[in-house]
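Okay, so here's just one chain, in C-alpha cells, the form predicted alone.
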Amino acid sequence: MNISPLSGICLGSLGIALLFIIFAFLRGSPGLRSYILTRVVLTLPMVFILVTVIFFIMRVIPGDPVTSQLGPRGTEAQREHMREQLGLNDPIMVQYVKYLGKIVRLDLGTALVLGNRPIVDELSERLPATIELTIPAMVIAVGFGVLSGAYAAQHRKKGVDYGLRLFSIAAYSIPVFWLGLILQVVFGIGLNIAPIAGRIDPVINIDLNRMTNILTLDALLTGNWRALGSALHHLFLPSLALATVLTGVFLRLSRINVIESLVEDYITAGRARGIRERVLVYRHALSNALIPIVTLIGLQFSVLLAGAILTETTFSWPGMGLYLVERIGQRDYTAVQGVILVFALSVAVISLLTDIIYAFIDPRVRY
C-alpha cells in the first residue's frame, strides 16, 4: 500500500505524540492523569467547532467555485452540470453532514477546481514545504532569542541591553510580509546573494529523488549535496523573515526571567563561592528561565503558522499558506476546509503536548 508524504508525516507525528501522552499518563500523578484526559476530550469539540465555523463561512462569503473554474465563457448548462457533480445543489445541511461523514473516515474530499484532485494528494505536496520552513524558523527564533535574552540580562542597564531590547520591540512590530519584501530587495536584488522565490533550482530539482517532499531531508537521505545546497540557499530568506518576528518575543521573555532568577538566593550563594558570572547566568539562571519559554514555544506555534501564510505568499513558497490563499480566492470550499483542519489539529496537539511538558519540567504545577 502506498502512503503519501502527508499521511506518513501525520501518522509519524501523531504516533510520537501518542507515545508521549501515554508515557506521561502512566508516569504522572492522579491529578495529571485527570488533566490529560480532560484536555484530550476537550480537543475534539474544539476542532469540531472550528471546522463547522469554516464550513459555513466559506458558503456565505461572495464567490462561486463553478465561476472560478469555468470563467465568464461557461454556459448556464455547463454551470448547472458542474454544480450537480460537485454536490453544490444539495441543501447546505446535507453538504455539511456529508462533509462530517468524510472527516470521520479521514477523507478530506476532492478539490472543486483545477483538476479535481484529492485534497490529501495536494496537501502531501504542500505540508512538507511548510514544515521545512517553520522548523528552521522556530529553531533560529528560540536559539537566538533565548541566548541574546540571557546576554542582555547579564549586561542589563548597559548599552547592549538597551540595543537588544530595542531590537526585540522592532522585530515583533515589523509585519512579516514587509520584512520579507525588504530582505528580497536587499539580499536578492541588491546584493544578489540569495534567491527570492521557490524552494530549489528547477534544473537541480529534476535529479532529486523525493521521498518525504521535505527537500533538505530528501537531499540528505539520497546524498545529493548539490540539491541540499540549493534547498538551503532558497530557504535562507523566508526562514530568516519568519524567525525575526518571533525572535523579539523569546528575547524579551528570556531576559525578564533570567533577571528574576539572578536575584534568587542560590545565585547569590554561587557568587559567594566564586562561581563565574557566565556559569551562573547560562547554566543556572537560564535553566530555570526555560520553564515559561517552553510554554511560549507551543503558544507561538499558531502565530508561526499565521506568519507562514504571509511569508509563503511573499516568497512564492509552495506550502500550505500559499495554497490556502490561492484556494480562498478560488472559493474552493473543500480545499480550504482541509487546510484549516490540518492547521487546527496541529495547533491542538502541540498545545496539549506543551501543557504536559510544562507539568513535567515544573514540579510546582498541580492539577
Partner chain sequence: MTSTQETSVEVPQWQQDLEQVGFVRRLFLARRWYGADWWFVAIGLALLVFIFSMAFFPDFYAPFDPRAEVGPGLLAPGEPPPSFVLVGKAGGATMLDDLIGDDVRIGIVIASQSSSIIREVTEARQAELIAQGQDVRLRPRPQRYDTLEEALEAVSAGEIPTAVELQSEIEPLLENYPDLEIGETLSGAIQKPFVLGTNQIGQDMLSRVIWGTRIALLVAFSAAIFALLIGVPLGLIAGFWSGRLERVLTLVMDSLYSFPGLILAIAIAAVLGPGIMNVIVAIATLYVPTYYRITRGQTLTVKQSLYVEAARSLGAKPVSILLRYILPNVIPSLVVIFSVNVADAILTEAGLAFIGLGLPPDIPDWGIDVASGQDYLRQAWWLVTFPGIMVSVVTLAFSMLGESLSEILNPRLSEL
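Under this definition, the rigid core comprises the largest set of C-alpha atoms superposing within 1.5 Å between the forms. Residue numbers count along the first chain shown, from 1. None of the values given here were measured: they were computed from a predicted structure.
Although not depicted, the form predicted together with its partner chain is the subject of the following passage.
Pick from 151 to 159, 209 to 217, 228 to 236, 89 to 97: which stretch has non-hydrogen atoms within 4.5 Å of its partner chain in the predicted complex?
-> Among the listed stretches, the partner-contacting one is 151 to 159.
Taking its partner chain in the predicted complex as the reference, which of 175, 143, 101, 198 has a non-hydrogen atom within 4.5 Å?
-> Exactly one listed residue reaches within 4.5 Å, namely 175.
Select from the listed residues 139, 147, 221, 185 the one whose heavy atoms reach within 4.5 Å of its partner chain in the predicted complex.
-> Of the listed residues, the single hit is 185.
Quick one: in the predicted complex, does every one of 36, 352 and 356 get a heavy atom within 4.5 Å of its partner chain?
-> Zero of three within 4.5 Å in the predicted complex.
Exercise: residue 313 in contact with its partner chain in the predicted complex, heavy atom 4.5 Å | Result yes; residue 313 sits at the interface with its partner chain in the predicted complex.
Touches its partner chain in the predicted complex: residue 317 (any heavy atom, 4.5 Å) = Result no; residue 317 lies far from its partner chain in the predicted complex.
Report whether the minimum heavy atom distance between residue 82 and its partner chain in the predicted complex is within 4.5 Å.
-> No.
Though only this chain appears here, would residue 126 touch its partner chain in the predicted complex if you measure heavy atom gaps against 4.5 Å?
-> No, residue 126 sits far enough from its partner chain in the predicted complex that none of its heavy atoms falls within 4.5 Å.
Out of 122 to 138, which residues reach within 4.5 Å of its partner chain in the predicted complex, heavy atoms considered?
-> Not one residue comes within 4.5 Å of the partner.
Displaced residue check between this form and the one not shown: residue 38, CA, 2 Å or over, core reference = Yes, shifts by 2 Å or more.
Core-aligned, is the CA shift for residue 325 between this form and the one not shown 2 angstroms or more?
-> No.
Quick one: once the rigid core is lined up, does residue 212 have its C-alpha move by 2 Å or more between this form and the one not shown?
-> The answer is no, as the C-alpha of residue 212 shifts between this form and the one not shown by less than 2 Å after core alignment.
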